[in-house]
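Next comes just one chain, in structure tokens: the form predicted on its own.
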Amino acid sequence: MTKTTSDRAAVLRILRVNSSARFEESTSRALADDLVAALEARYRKVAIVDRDLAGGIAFVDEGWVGANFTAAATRDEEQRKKLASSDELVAELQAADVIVIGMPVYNFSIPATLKAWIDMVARAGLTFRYTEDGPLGLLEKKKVYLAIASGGVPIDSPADFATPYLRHVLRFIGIDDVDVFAADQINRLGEEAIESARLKIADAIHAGPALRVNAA
């Protein structure tokens, strides 16, 4: 389910993607909220689209693959319906200037729902295309903030298969401007890890370089 909040003069378009199975006690959700709130405070005129994956998301199946590899002009009604949700997710990503992804580390990697989202938005001809020199990402000039929480895995350690994977996927679709804010090893560090991530968010958003914004 998607919720949009905006005003007529909104210029910075933010897509917030949450993937934690938890709600009230989710650290990654709290960090994602901190990021969005800091962006709102700095830029004021924003349009926010919320995409929450915890309620479920379609997985790639045989029908989806068949529809995706059928030329758009020749897809039948059933194939168009099969791709409708994916089309919506792609459109949200294409429209955003800034993407905030809240992600817990589950079993050293990303949640299954976030992987399903990636499968739905990594589409040839829409978010990347094939060239003689290999795949070329089509989503340029976008900024991504990753809000990551882990109980025991140190982020960017050899045991972390989530963060480098996300960086690689985002680069594959054309996004290489990625900042990571992690509250990691919470089981050992507790609130110290969370507070450290929040301070880094505040400093990066309020004191960091200004983001490119679009006219309304």
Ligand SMILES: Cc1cc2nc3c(=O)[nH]c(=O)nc-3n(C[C@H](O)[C@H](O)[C@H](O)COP(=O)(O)O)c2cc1C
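Keep in mind that what you see is a predicted model, and the values were worked out from it rather than measured. The numbering used is simple: start at 1 and walk along the sequence shown.
Just so it is clear, the following notes concern the form predicted in complex with the ligand, a form of the same protein that is not shown.
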(request) Would you point out which of 164 to 172, 37 to 45, 52 to 60, 24 to 32 contains residues with a non-hydrogen atom within 4.5 Å of the ligand in the model of the complex? (result) 24 to 32
(message) Counting heavy atoms only and using a 4.5 Å cut-off, do I14, L93 and I99 all touch the ligand in the model of the complex?
(response) no
(message) Exactly one residue in A122, V105, L83, V144 has a non-hydrogen atom within 4.5 Å of the ligand in the model of the complex; which is it?
(response) V105
(request) Flag V153 as yes or no: does it have a non-hydrogen atom within 4.5 angstroms of any non-hydrogen atom of the ligand in the model of the complex? (result) yes
(request) Tell me, yes or no, whether I186 is in contact with the ligand in the model of the complex, where a contact means a heavy atom of each within 4.5 Å. (result) yes
(message) Quick check on A182: any heavy atom within 4.5 Å of the ligand in the model of the complex?
(response) no
